[in-house]
Ligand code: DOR
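Only one chain is shown below, in structure tokens, and it's the form predicted alone.
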Amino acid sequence: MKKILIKKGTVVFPQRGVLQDADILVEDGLVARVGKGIEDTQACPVNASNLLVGPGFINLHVHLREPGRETEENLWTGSRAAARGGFTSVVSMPNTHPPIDNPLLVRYLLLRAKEIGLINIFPAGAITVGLEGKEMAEYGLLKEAGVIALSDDGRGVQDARLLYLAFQYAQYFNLPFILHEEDEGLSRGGEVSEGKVAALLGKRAIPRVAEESLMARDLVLAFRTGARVHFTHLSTALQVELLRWFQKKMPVSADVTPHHLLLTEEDVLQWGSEAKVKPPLRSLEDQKALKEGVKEGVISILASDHAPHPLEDKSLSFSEAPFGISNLEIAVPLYAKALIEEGIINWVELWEKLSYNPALFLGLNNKGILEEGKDADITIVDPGTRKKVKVSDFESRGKNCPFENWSLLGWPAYTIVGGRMVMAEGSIVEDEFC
């Protein structure tokens, strides 16, 4: 592995909240030196003038679909999409076919990820066997195999007693939870947010309380058990309020997706099934509350919920089309549009929510920070070049995306994983860099 010397960049230190002009020398998979005036004639040079250089982005919520749904995405296409999107690490959700509820499947995923060798893939294991919500999976065996967190993503755990016991049991293995909150008794059959759009389309609604009620229950369960929990893809104003109140009592975190920050329920009228997501797009008032939550730091992590589907599936009738948006390659510029261009946060704060905070939550001590001796997972972003989204150019198999032709700033320019250049100038590095 050749050394890499990143010259003349503006380095982001999210743990300290500062920017600093500096060079970075990468050697043997680690950050060897950080400072001004570094020279090394044996290193491959990267001119980072006018670019932002920071610890690699970590996406806490990605659907890679493998095993069982490889026509939608697989580890190879998903890894390429992540690398192109500036993500050095992703957490893969367990709602595959079959679900990731046993150690054999975890080992399979990790071996495949190592074989592909582009990014770090951290599997989340199922909270319950088969994601059926009836009995706990074997957390100790899952942790030993390499699971980094637990989630029944795609559904909420409906049985309060089961989750209460799971919260207690998982602490023996130091496993955190990534919770999808949805009371299926309230959401069953729903397609869009409760409100005028549902009435106009004549569609059954998914009320806000379906998320809010389960989140309130699980906040209390976490408070009583001391479990480490993270709530994913918030969509309502009351969820932000619940989180704000409980954060005064205990450590708890949450994320929000780019589509919930940029689109509202009104956009379903224009985009149809391309804007069909779960949780559904909500009102402008909900969106404003989410942005305020990000600004205050109540929402401390950003995660894309990349959910790829074949176009033929998304082209079905609205009721038949699956939920989800493919966004892994454009998540960073989408966040830049929603948050930085609107003056809600700055680039250092964005980096904190896309790198440092996810690493802290997952316990990845050598990631999310640029210091000598830490893993050389590095993302370099061009904050000033504007480009249009071209969904047909996605590395992902999922072309289901409503952001076609959106003009965006803040595109990742280079992605370095474990000291190896995997994406340069917007393209995957097929051969050895330099």
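So that there is no doubt, residue numbering starts at 1 and follows the sequence shown. Not measured: the values here are computed from a predicted model.
The next section is about a form of this same protein that is not shown, the form predicted in complex with this ligand.
Though this ligand is absent from this view, in the model of the complex it lies within 4.5 Å of a heavy atom of just one residue from Lys278, Arg80, His230, Lys203, which is Lys278. Among Ala166, Ala303, Ala307, Leu290, the residue placing a heavy atom within 4.5 Å of this ligand in the model of the complex is Ala307.
Taking the partner from the other structure, this ligand in the model of the complex has a heavy atom within 4.5 Å of a heavy atom of His180. This ligand in the model of the complex is approached by Phe323, whose closest heavy atom lies within 4.5 angstroms of it. At a distance threshold of 4.5 angstroms between non-hydrogen atoms, Asp218 is out of contact with this ligand in the model of the complex. In the model of the complex, this ligand sits beyond 4.5 Å of every heavy atom of Thr128. The candidate stretches are 364-372, 39-47, 379-387, 63-71, and the one lying within 4.5 Å of this ligand in the model of the complex by heavy atoms is 63-71.
Along 88-105, a single residue, Asn95, places a heavy atom within 4.5 Å of this ligand in the model of the complex.
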